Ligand SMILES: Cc1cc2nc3c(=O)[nH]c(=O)nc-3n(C[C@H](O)[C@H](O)[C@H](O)COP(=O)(O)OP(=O)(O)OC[C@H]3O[C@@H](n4cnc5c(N)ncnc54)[C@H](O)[C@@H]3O)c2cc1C
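The chain below stands alone and is given in structure tokens; this is the form predicted on its own.
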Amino acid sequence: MRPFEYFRPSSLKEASELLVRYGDGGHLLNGGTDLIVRMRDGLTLPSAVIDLKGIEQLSRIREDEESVYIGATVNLNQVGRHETIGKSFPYLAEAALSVGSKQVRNRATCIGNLCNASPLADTATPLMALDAVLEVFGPEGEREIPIRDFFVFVRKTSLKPGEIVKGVRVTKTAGQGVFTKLARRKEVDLSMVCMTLLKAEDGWRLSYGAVAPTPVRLPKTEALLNQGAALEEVLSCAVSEVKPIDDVRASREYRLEMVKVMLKRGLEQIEKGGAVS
């Protein structure tokens, strides 16, 4: 690895100022499971690593009557095993526990999974279906970014220079939801396709990962589901709303077929009383 400066700020203001000072050379460290690998492989060459784990407020899961808030340094095992998340959003808990191995999840964070902006981020699909909101701190103060506006392209988000995601907030939503992940191995593998299907009080919500440059919601397919359209029409629409590619994990054609298979199975599971929130 190339030599770099290491900082462990105790406040968001200090962390943000360091990000601004080092510009493109400054990289945040939440869990480090992605950053350290990229540094080892020479894909990321930071001049400064800014460790957020010293900022106490980022390490908590908070809840009230209406919502649950997951801080930036909360790891994926904490998300997956949290009692309220397991009851209110079982499909989010399942997505969190599907990432990597137990050891990796003890380090990797939900916010890191989102900020990497990978098309196949497993926790992104349930959070998109839940219309989650990211809370952000930066040089201009605090703001909120709806998750639908957060992902811009592969490894690119709508964060501005110096901005840090403090956490993500999800509103408690009654309904039934299903998370499905297809990978080459049963465990400890990246998604070929992942999906969250949610039947909420206000209608159907559907999101996919690994089928476009970013995780995506499928609004046209959702509309057809809400209208009670025929299954074949719904499945055809879902395929038309995604743009998968060929890569080492799967072909474009296989992913398109799995979009239909996963949606059909998700609908059947919810009809039979699948994961209930």
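On a predicted model such as this, the values are computed, not experimentally measured, just so you know. One rule holds for the numbers: they count along the sequence shown, beginning at 1.
Keep in mind the form predicted in complex with the named molecule is missing from the figure; the text below concerns it.
Heavy atoms of no residue among Leu197, Val239 and Leu267 are located within 4.5 Å of the named molecule in the predicted complex.
Only one of Val133, Ile85, Met192, Cys115 lies close to the named molecule in the predicted complex, with a heavy atom inside 4.5 Å, and it is Cys115. For the candidate set Val178, Ile111, Val79, Met128, a heavy atom within 4.5 Å of the named molecule in the predicted complex is found for exactly one residue, namely Ile111. In the predicted complex, at least one heavy atom of Asp34 sits within 4.5 Å of the named molecule.
Using a 4.5 angstroms limit between non-hydrogen atoms, Ser98 touches the named molecule in the predicted complex. When contacts are judged by a 4.5 Å heavy atom cut-off, Ala212 does not count as touching the named molecule in the predicted complex. In the predicted complex, the named molecule lies within 4.5 Å of some heavy atom of Ala72. Contact with the named molecule in the predicted complex, defined as any heavy atom within 4.5 Å, is confined among 184-192, 200-208, 141-149, 85-93 to 184-192. Residues are counted as partner-facing when one of their heavy atoms sits within 4.5 Å of the named molecule in the predicted complex; in 195-209 not one qualifies.
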